[in-house]
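A single chain comes next, written as structure tokens; it is the form predicted alone.
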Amino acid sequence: MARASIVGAGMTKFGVHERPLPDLFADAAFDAFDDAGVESPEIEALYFGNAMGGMTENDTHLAPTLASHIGCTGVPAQRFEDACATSATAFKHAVEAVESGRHDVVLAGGVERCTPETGLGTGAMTKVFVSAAHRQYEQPAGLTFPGVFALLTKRHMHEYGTTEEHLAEVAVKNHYNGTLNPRAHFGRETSVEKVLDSPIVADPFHLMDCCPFSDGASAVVVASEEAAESFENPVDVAGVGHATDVVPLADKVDLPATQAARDAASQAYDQAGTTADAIDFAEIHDCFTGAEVMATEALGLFEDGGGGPAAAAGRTALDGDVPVNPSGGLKAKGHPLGATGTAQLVELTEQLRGEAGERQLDDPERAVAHNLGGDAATTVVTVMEARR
């Protein structure tokens, strides 16, 4: 039995946008409304994610502002902030709202601007991002997120023999997938040699191992299982797991395990009555190439230590046995923090409907999305299924 269904999905192109947050979000929301065949007055609540608008654009109290902007004045509207897992957390609450019977049809989504269009350069934006690190133990030491995931990945390399070439293969794959996605920030291919020749950011990560700062928005219309029957093309939400791990980084028991992802995946698979073996493809939070490798293992798609060799062998490519990030992932599609989680669900919806264009996979039936926040201490895992 489905917990809920996505009946409409929309997103902007990820990249650089001059438009303010309300206009950007409206583009995604109206796309989702058109896809679902609904009008603004039919939306009963807004579950909305934005992680940094207060710090980057002096723009807070955004939920009612955006609800007004898309013609949903008067409905309950709530903003969520959970670092990079912001809109996946909002989506989880939207699912719970329709599952409980509180509402029948709601909107979940997110918006963010992270590029210099905000008026903040890379240094200033990096300082904003690092506000998600531990205030007492990590921020004073200057530990930014490339450094955080570099530490996790170096430990993974030490324990399992993962190589820089394995990591580079992740970037090559996702950049190729991005060339097939007209909404991707980057639409150009790269090579292992180019990745390894790019400047070092935080060992073992080269510049091309890192996702970009992006602007963009995404949204999905979520309906109860009963209400979804009246829509043309619903895709079912079979499970949503949400778990956290200890912060700061130094207190984690097993760095490369990314334990919150394992716990959230276990919850989502149990709810869906499925296992990792039955997953046809995955959208994964590849903020860095090493993050994708560790996530494929945490989700059970490969055994521990197998993620790097699997990427190098082409198993996670579009024509592999477990395609990962057909959208291009954060690495090529882009990463506007508050929009990333629901953008993954847009990709799952389109793939499971058979509407993903040139990057369409071969008749997938079940998929998983993995969206993490901070140092992987927050993770939301969603399992979705095609309705046959």
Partner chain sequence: MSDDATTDRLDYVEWADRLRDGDLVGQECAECGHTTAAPKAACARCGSRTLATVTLPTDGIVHSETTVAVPPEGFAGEYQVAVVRLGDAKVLGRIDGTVDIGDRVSFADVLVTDDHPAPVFEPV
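Residue numbers count along the first chain shown, from 1. Small disclaimer: the values here were computed from a predicted structure and weren't measured.
The same protein also exists as the form predicted in complex with the partner chain; that form is not shown, yet it is the one meant from here on.
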Checklist entry - So which of 165-173, 258-266, 271-279, 150-158 is the stretch with heavy atoms within 4.5 Å of the partner chain in the predicted complex? => result 150-158
Next on the checklist: in the predicted complex, does Ile200 come within 4.5 Å of the partner chain, counting heavy atoms only?
Outcome noted: yes
Checklist entry - Is Thr122 a contact residue for the partner chain in the predicted complex, using a 4.5 Å heavy atom cut-off? => result yes
Checklist entry - Do Thr179 and the partner chain share at least one heavy atom pair within 4.5 Å in the predicted complex? => result no
Item to check | Partner contact for Thr126 in the predicted complex: the partner chain, 4.5 angstroms, heavy atom | outcome: yes
Item to check | Heavy atom within 4.5 Å of the partner chain in the predicted complex - residue from Leu318, Ala243, Val247, Val192 | outcome: Val247
Checklist outcome for this item: Interface check vs the partner chain in the predicted complex: of Leu143, Leu196, Ala312, Val75, the one with a heavy atom inside 4.5 Å is Leu143
